[in-house]
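Shown here is one chain on its own, the form predicted alone, set out as structure tokens.
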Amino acid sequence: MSRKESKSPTFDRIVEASLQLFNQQGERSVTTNHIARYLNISTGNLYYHFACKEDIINELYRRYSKGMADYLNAAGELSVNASIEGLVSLLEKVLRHLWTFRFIPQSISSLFSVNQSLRESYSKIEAGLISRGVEKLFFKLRDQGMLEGDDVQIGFLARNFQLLQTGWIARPDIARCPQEAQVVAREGCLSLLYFLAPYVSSRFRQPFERVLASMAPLQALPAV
């Protein structure tokens, strides 16, 4: 837990600078000394707000998971009958959010080994609330007629969709890629849509394929 419950401008500057450095250099390469030097503040000032680097990571994970939960809530309010484009737009926003916090899926295994608090939060939020939310959304899409499959198929589809979604950002070539979030989100969204394509019902096949045809990649990403 951070030392300060009330968030000051310095608190936010530390969090935002840490996110930038973790994404650019990798979390394991960045120390609290690096963060303080980057911000031109003393390490004592940094430690006034955060007891250690793990506390900064926990705050970043809190922001990441809150954003994911907000997007899931927004998805739950959408009606596929109104607009497949609306769902695709929301999916791109989710992928841009993942890209903003990309060091988390890229480093999650090593983070777990040194941060028990993060492991517990991940189990509760990512493997719990978010997974259940994705599964609930997929059953809703099935009930609204967009997806086809029995309960077991839809459950597996939801779980593997989530793995592919986070795994896309964690790919080594993506981690090294300086592309803008818009490019990464567009290609990631296409990959996810092609993954869903075999399960799209005949009723929604034509508008689904129209959306796919309109989503040519903005530019090619490096080959794996």
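Note that residue numbering follows the sequence shown and begins at 1. Computed from a predicted model, the values in this text were never measured in an experiment.
Heads up, the form predicted together with the DNA isn't pictured, but that's what we're talking about next.
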Using a 4.5 Å heavy atom cut-off, which residue among Y199, F161, W168, Y48 comes into contact with the DNA in the model of the complex? Y48
Within 4.5 Å of the DNA in the model of the complex by heavy atoms, the stretch out of 61-69, 153-161, 188-196, 25-33 is 25-33
Spell out, yes or no, whether the shortest heavy atom distance between I41 and the DNA in the model of the complex is within 4.5 Å. yes
Would T10 show up as a contact with the DNA in the model of the complex if we use heavy atoms at 4.5 Å? yes
